[in-house]
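Starting off, we have a lone chain in the form predicted on its own, written out as structure tokens.
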Amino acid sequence: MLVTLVSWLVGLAAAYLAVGLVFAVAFVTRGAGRVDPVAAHGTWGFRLAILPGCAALWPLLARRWARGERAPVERTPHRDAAGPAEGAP
């Protein structure tokens, strides 16, 4: 019983990582620049560095990419006191 449960969980984790790896390759080549404009100018070294994180966090990144969301703007008391940034809505 325990061996069956463990083998099922290992298979589930392997499937999650396999889907994540396929997504990560697509994301680092096309999607990273759409989600974060700074990443659009990233080198291949940068893209290789973010590949494992993209594979692990693929559900969150897929949702952001599908919705067309940009990187969130940090809100701090200093930024609030300085007023709206250029180009901000």
Partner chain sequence: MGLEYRAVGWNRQKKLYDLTLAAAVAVYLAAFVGVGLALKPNATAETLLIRAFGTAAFALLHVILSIGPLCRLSPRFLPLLYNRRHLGVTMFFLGLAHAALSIVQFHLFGDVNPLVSVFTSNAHYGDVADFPFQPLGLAALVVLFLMAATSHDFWLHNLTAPTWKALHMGVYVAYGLLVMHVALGALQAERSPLYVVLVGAGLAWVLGLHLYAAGREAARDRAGVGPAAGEEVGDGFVDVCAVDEIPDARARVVCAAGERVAIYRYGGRLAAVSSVCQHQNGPLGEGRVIDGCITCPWHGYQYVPETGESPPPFTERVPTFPVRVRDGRVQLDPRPRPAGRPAGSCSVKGAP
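As the structure is a prediction and not an experimental result, all values here were calculated from the model. Numbering follows the first chain given and starts at 1.
There is another form of this protein, the form predicted together with its partner chain, and it is not shown here; the text below is about that form.
J.: Do Val22 and its partner chain share at least one heavy atom pair within 4.5 Å in the predicted complex?
T.: No, no contact at 4.5 Å.
J.: Would you classify Pro59 as touching its partner chain in the predicted complex, given a 4.5 Å non-hydrogen atom cut-off?
T.: No, Pro59 stays farther than 4.5 Å from its partner chain in the predicted complex.
J.: Would you classify Arg67 as touching its partner chain in the predicted complex, given a 4.5 Å non-hydrogen atom cut-off?
T.: It does not: once its partner chain is placed as it appears in the predicted complex, Arg67 has no heavy atom within 4.5 Å of it.
J.: Using the partner position in the predicted complex, report whether Leu12 sits within 4.5 Å of its partner chain, counting heavy atoms only.
T.: No, Leu12 stays farther than 4.5 Å from its partner chain in the predicted complex.
J.: Taking heavy atoms and a 4.5 Å limit, what residues of 51-80 are near its partner chain in the predicted complex?
T.: Pro52, Gly53, Cys54, Ala56, Leu57, Leu60, Leu61, Arg64, Ala71, Pro72, Val73, Glu74, Arg75, Thr76, Pro77, His78, Arg79 sit within 4.5 Å of the partner.
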